[in-house]
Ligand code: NDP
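Here you get one chain, nothing else, as structure tokens; it is the form predicted on its own.
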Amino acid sequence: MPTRSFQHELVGVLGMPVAENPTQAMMEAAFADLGLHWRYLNVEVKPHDLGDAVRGTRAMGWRGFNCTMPHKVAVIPFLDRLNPAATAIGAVNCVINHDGVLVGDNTDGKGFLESLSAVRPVVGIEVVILGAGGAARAIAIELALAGARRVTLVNRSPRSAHELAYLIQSQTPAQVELVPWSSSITVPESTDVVVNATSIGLYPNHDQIPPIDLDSLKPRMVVCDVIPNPPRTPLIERAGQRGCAVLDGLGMLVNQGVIGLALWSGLSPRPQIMRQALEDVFTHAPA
């Protein structure tokens, strides 16, 4: 009689909240396509429980895990070491378990850069980034390293914005400008790319839009949102109506997932399989 194993290899995401995170759909589609007996779990972890959760993944032999809000920076003290990208960015979104040694990496920025590069060249651009958290850090550093000329950071917390500005200035030749986020944001005329790297518009608050003067969005600009759920955020919809090129959060999510799965398994998943799984989820989602 043929036998089979009923034990899965485990990976997943630690965050709060995670109910809106669609990563499981694309990752498990990739597992099936690759013939991997793996499962991807969405695990909600309160900030004060993060250390216990990380130790739990090690004790249970997880192959690795993703980190999302609000743990991308807070997870670092609980890891054994960081790869160069995570060190440079100061945030972790992907952890790899190397025989019990937990190694932090960052694939967010690379995933975003790949999506944007498919739409327009990055060298010499001026970019406005809303937010200064883990996703904003990764995107800003990767864009600056890839040749962005100027990065304008718009954030409510001056401390976080100054920390990110220092990272950019100390590691890249890009110019940096800080803009306080106190009311409606006017995007400078010279801007090439606008990125919402905040949670504004994330399900269940999917009717929200960052306080941007929409008249300042010009058709020559590329407007991007890192939010994957819903893919067509109000910002993406309104920018598209104004003639801007738009990038939804699914492209970045797929690209960073491809990189992460390769780090965990050594295999290269097919991005089209992962993107299709995400599109199927949102196409058939209840209204």
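Bear in mind the structure is a predicted one, so any value in this text is a computation, not a measurement. Throughout, we count residues from 1 along the sequence that is shown. Here, rigid core means the biggest group of C-alpha atoms that superpose within 1.5 Å across both forms.
As for the form predicted in complex with the ligand, it is not shown, yet the points below apply to it.
- The ligand in the predicted bound form is not approached by S115, whose heavy atoms all lie more than 4.5 angstroms from it.
- Within 4.5 Å of some heavy atom of the ligand in the predicted bound form lies at least one heavy atom of W181.
- Taking the partner from elsewhere, L253 is found to have a heavy atom lying within 4.5 Å of the ligand in the predicted bound form.
- For A132, a non-hydrogen atom is located within 4.5 Å of the ligand in the predicted bound form, even though that partner is not displayed.
- Contact annotation: the ligand lies within 4.5 Å of heavy atoms from the stretch 193 to 201 in the predicted bound form, the single such stretch among 82 to 90, 193 to 201, 165 to 173, 140 to 148.
- Between the options I259, A239, I227, A29, the residue in contact with the ligand in the predicted bound form by a heavy atom within 4.5 angstroms is I227.
- Of the listed positions (R156, H98, H206, R120), a single one reaches within 4.5 angstroms of the ligand by any non-hydrogen atom in the predicted bound form, namely R156.
- By the 4.5 Å heavy atom rule, the three marked residues A53, G104 and S265 all fail to count as contacting the ligand in the predicted bound form.
- Within 4.5 angstroms of the ligand in the predicted bound form, the stretch 55 to 82 places a non-hydrogen atom from each of M69, K72, taken in sequence order.
- Taking the rigid core as fixed, one finds a CA shift for T233 smaller than 2 Å between this form and the one not shown.
- When the rigid core is held fixed, the Cα atom of V176 travels less than 2 angstroms between this form and the one not shown.
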